[in-house]
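Below, in structure tokens: the form predicted on its own, a single chain.
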């Protein structure tokens, strides 16, 4: 890809982010890559068939219009699925090079979707279900540990080091974090390490792959074999659970989850939000997920970002000995690129490409120029309903259980209404979800509380000051 194409792609992504908003962009477009621009066509790729079908169904025209704003001659967007490398075990527990690899097109031929699963140690003896592709770079050795992910790493390591027959300590282990903070890296590291011993069967599946396998089994009338194969796994690892859709699929997932946990088998799950926020999932599934160990991976601190950058530079230097990034450049990148780990790796890839292709050393000026689109405004703090309940309870000298109770005394009703009002104005949660989080109340109760406080803050100066004070406490 030429520098001009890269710059044009950066501008298109900026237009797309502005058009659909940061949350939608992060959910559906953050992992979209530009492959080539040929004549009147733009070739893009995404990592899963689910993303491809969703973008084609809901955002195809929007992506095309963003490209046409940069290149009016473009009349077609081709979207393909890139395939991660499959191999039985990683060659070594060392970071692989970070230089860009041209992805393969998994949808180039129909046979890519219908072939029998590869017989890796994960799938051997389980013909009904092949695992999702594993990236050999994503091992524990290449995972950089810091304050934001210490607990998640320790729990994942505990799972990976377990042996068949050992008592299961965390079940399920549920890891949640935003995009690019290392969830998939940890889950794949668990899979690689668990399979390396050869004693346990560890299966890694994305939620999309689980859905695809279940639907395919129903169509081919092999659903029983599919269920038996899943329930014979020692460690089941499910990634991107937020994408699990469909009542029948969710019901089967719930049965599988219960069967594995009741049999003492390990389940590890990752999603982009905690179980209580997965509104599309059945209450029984949410309850079972919350009953295990739920760990949040926080945003990357500057020290951790610097560690990730140094790790990626070291991996690149293993294949490009002359590649060097000065300390001031690393400090600048760690300080400026705050969004996620993928942006950090992308920055190193850009510096490597620019340095090798132009035969120039990496400088601070060059780094500022090459990564300017990765330097994003600081995102506002994500406020949780639990935080609101805790701060409101402290402000009004009541307990959180009072806010969730059915008590109707004045000293509880007003704080409860204020907390509901703040939940509606400071979070993206729906009225029914807020009602559920406040003791299972109906959405009309929440709507009444919101309207009541909205009317009062315009007339009651004291209440207005209290609400503004609560907002400041939550946003600091």
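Positions refer to the first chain, counted from 1. Given the structure is predicted, the values throughout are model-derived calculations rather than measurements.
Not on display, but discussed next: the form predicted in complex with a small molecule.
Relative to the small molecule in the predicted complex, residues 275, 440 and 443 are all farther than 4.5 Å at every heavy atom. The listed set 184, 206, 389, 355 contains one residue whose heavy atoms approach the small molecule in the predicted complex to within 4.5 Å, identified as 184. Residue 308 is the only one of 316, 241, 308, 155 with a heavy atom lying within 4.5 Å of the small molecule in the predicted complex.
Stretch 339 to 347 is the contacting one of 247 to 255, 361 to 369, 339 to 347, 155 to 163, since its residues have non-hydrogen atoms within 4.5 Å of the small molecule in the predicted complex. Mapping the unseen interface onto this chain, residue 312 counts among the residues with a heavy atom inside 4.5 Å of the small molecule in the predicted complex. Residue 174 falls outside the set of residues with a heavy atom inside 4.5 Å of the small molecule in the predicted complex.
A residue is said to contact a partner when one of its heavy atoms sits within 4.5 Å of a partner heavy atom; residue 143 meets this definition for the small molecule in the predicted complex. Contact annotation: residue 77 falls outside 4.5 Å of the small molecule in the predicted complex, judged by heavy atom distances.
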